[in-house]
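Quick heads-up: it's one chain on its own, the form predicted on its own, in structure tokens.
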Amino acid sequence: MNAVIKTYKLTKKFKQEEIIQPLDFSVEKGEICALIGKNGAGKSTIFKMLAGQLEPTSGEIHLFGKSGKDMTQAQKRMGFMIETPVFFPDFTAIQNLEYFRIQRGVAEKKRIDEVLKTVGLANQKKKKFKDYSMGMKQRLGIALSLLSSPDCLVLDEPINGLDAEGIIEIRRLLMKLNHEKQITILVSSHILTELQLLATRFVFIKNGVIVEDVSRKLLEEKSKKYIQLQVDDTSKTAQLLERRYGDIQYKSLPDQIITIQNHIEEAGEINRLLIDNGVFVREFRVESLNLEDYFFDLVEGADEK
């Protein structure tokens, strides 16, 4: 795989505060990489440095293998939507994109119709921007980021403020761009359950530091279903489980709670095994840890330790 984005010991300070601590980070070609963190974690600062809107305090950024003076040319292969895109409210979609096409030196005028069709605004191209819904405004922002035919999109909170239907539309659009156009995507959002449906990789950031970097497959392993039961006798329960299932994976927790990580499909049999052998089962349920739970444990729970 080839790295589209790569940073080496990248830092950013504002006055004496180090917002981004030495950061080694990469995004490979074809990925949809989700950058996850609370407000103030450093996501937008990283995006602005990639876009050239902020100068790093130290370290290097490589885009498509280019750095330094050559990076300006490489940035032309990138499409950025950082914070809310600013459009002229009394301009139509065509007029707005025409303004930015000329400003950015995009030669082909037909590109405007192409990107409006891609984001599903072809039938709304003559409506004034001020009359657009929030979802339409976000789609126009993505259309703007696609104007120069980029190989990589960097999107900061693209579903911010959208209703459920708008969120689904943007998710489908991004997956289509990734699958059909082979566009690499780096995206942030605070709607973590949505990222779980979209991304192929999840990078958790806290106070300017990457605290975990996991693939979709690994995250699914971490967030897969498990059985949770509360019993009157954890020792007897453990013996019964070990005797029946040689490969049982379980944990004994406080308050006489046991969690079982495998044999989920045999939950009914496990419940019957305990009851038949005189274990009083106060609670028995199958749970699954979602991305929001995982994120909370990772970046919130760490504060309490």
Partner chain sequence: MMNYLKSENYRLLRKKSFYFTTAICFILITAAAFILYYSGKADSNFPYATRSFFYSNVIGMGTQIIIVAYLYNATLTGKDLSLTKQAVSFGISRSTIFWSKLILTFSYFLLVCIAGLLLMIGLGESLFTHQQGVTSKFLIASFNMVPMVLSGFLLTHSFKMLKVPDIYNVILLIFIYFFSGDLLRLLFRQISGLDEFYKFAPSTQLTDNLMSFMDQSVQVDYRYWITGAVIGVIVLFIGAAKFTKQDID
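If you're wondering where the values come from, they're calculated on a predicted model, not measured in any experiment. Only the largest set of C-alpha atoms that superpose within 1.5 Å between the two forms is called the rigid core. Numbering follows the first chain given and starts at 1.
One more form of this protein should be noted, the form predicted together with its partner chain, which is absent from this view; the next part is about it.
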inquiry  = I'd like to check something about G52: if you look in the predicted complex, is any of its heavy atoms closer than or equal to 4.5 Å to a heavy atom of its partner chain?
reply    = yes
ask   = Applying a 4.5 Å heavy atom distance criterion, does L144 contact its partner chain in the predicted complex?
value = yes
query = How about T200: is it within 4.5 Å of its partner chain in the predicted complex, going by heavy atoms?
reply = no
task = Give a yes or no for N207: in the predicted complex, does one of its heavy atoms lie within 4.5 Å of a heavy atom belonging to its partner chain?
result = no
note = For its partner chain in the predicted complex, the stretch among 114-122, 179-187, 165-173, 90-98 with residues bearing a heavy atom within 4.5 Å is 90-98
K127, K225, R104, K217 - the one with a heavy atom within 4.5 Å of its partner chain in the predicted complex = R104
note = Students should find that, of Q75, N160, Q196, T234, the residue having a non-hydrogen atom no more than 4.5 angstroms from its partner chain in the predicted complex is Q75
message = Under the 4.5 Å heavy atom criterion, name the residues of 5-44 that approach its partner chain in the predicted complex, in sequence order.
response = K12, F14
message = At a 2 Å cut-off on C-alpha positions, does R216 qualify as shifted between the shown form and the other one after fitting the rigid core?
response = no
message = Aligning on the core only, does the CA of H190 end up 2 angstroms or more away between the shown form and the other one?
response = no
inquiry  = With both forms fitted on the core, check whether the Cα of R101 differs by 2 Å or more between the shown form and the other one.
reply    = no
